[in-house]
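Taking the form predicted on its own, here's one chain by itself in structure tokens.
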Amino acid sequence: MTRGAVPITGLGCVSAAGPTLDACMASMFRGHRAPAPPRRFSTSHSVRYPVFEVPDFQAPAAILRTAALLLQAAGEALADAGLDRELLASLRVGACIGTTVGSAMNDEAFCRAFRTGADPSMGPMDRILASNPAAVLARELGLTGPCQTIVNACSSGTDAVGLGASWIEAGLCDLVLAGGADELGRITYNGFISMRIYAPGPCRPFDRDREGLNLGEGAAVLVLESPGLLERRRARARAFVLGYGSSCDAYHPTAPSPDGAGLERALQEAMAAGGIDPSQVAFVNAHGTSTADNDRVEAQVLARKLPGVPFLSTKGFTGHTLGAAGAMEAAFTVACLEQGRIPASAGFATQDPDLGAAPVRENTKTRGTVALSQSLAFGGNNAVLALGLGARP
């Protein structure tokens, strides 16, 4: 649980919505989204299930796509914070990155050869081991602080930001690069289709006629800075991590608890850590996967705990980016607070009477300087970040 206000001095993001955070925000406010069948791999499905793929992106040969996406987002975040390698080398800098598969399941050729008794080159495995997201960030930027890759299903990116903020509070680091990254892959794609929670068309979070999720890919990084370093650098904070809450339903391997008790605990914990009253919340960036169970539970919790507070899902623009989702949505939340508005929840058209609440249908002005970004994950994991433009609401 984060108890102080941890400054956020830089943000970076790459997704199907755009190659930078500003591009993503502009695309979302235009209402543009472009789900399409995957281009980088093929399947034998009769239905061409859509994905949100980052266009025109090539990873270098030495590392895998997840780590390369992360490096692009980190470069943007560091530039935004006004930090360079020389300054980083003089500081205690940690890397805390969430992922789900981290591209470790994408070398099917090696696995097929191994299973048939062949003796394939270990090069692909060496490349996977060299592509641990947090380790790549530390290696490429020369970071010497704590280094942690969090694999906690779809809450990984949110958990990474919460843990990174706790490192700052504990005095372990001057600076933390916290975020998440994940790439599209055939095995992950087929896995979600086999679970029958993948929509055959564009996803529709919170809509009555939602049919399931669409996968996406991307990365986001937040630069978390100690108040002391912020003062020494005479830098500005774009926003603050005010609180972080987490819980586990312990209910089902993939489904959230129907009563939403776990999410409710994480929500209350994040708000209590930040000293936040429900009346101060400008909006909620919901997990909103467009699956039947997630959207029902999440909307019902919001209706109970934050009635009347505007909410949206940005997954209609990016797809579900798994371990990257929470970090991307935290970055979007800060950007929306700065602009005083949130985009329409893409794909939503018809209210579901079972949910008790509905996301915004159009670009909406917001009031206040505090917002929540929340994640629900397989394994019953729930994580919520309270973010604000001021140190305290």
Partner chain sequence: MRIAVQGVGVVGGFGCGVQDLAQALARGSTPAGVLQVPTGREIPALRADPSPLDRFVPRRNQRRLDFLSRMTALGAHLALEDAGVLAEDHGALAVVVASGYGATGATMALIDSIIEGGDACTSPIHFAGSLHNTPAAHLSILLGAKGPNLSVSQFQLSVPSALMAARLWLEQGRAERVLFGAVDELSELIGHLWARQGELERPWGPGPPGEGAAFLLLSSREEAREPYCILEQAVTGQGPAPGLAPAGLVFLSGGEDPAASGLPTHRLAPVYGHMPPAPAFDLAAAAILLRQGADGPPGFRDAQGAAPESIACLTRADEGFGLARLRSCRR
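Numbering follows the first chain given and starts at 1. A quick note: this is a predicted structure, and the numbers were derived from the prediction, not measured.
Separately, the form predicted in complex with the partner chain exists; it is not shown, and the next lines address it.
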Check your understanding: Of these, 301-309, 74-82, 180-188, 230-238, which stretch puts a heavy atom within 4.5 angstroms of the partner chain in the predicted bound form?
Key -> 180-188
Check your understanding: At the 4.5 Å heavy atom threshold, is Asp174 in contact with the partner chain in the predicted bound form?
Key -> no
Check your understanding: Wondering, does Asn294 line up within 4.5 Å of the partner chain in the predicted bound form on heavy atoms?
Key -> no
Review point. With the partner left out of view, is Glu108 within 4.5 angstroms of the partner chain in the predicted bound form by any non-hydrogen atom?
Key: yes
Check your understanding: Going by a heavy atom distance of 4.5 Å, is Tyr244 a contact of the partner chain in the predicted bound form?
Key -> yes
**Study point:** Sole residue of Ala199, Met271, Leu163, Ala282 within 4.5 Å of the partner chain in the predicted bound form, by heavy atom
**Key:** Leu163
Practice item. Could you list the residues in 244-266 that come within 4.5 Å of the partner chain in the predicted bound form, counting only heavy atoms and keeping sequence order? Key: Tyr244, Gly245, Ser246, Ser247, Cys248, Asp249, Ala250, Tyr251, His252, Pro253, Thr254, Arg265
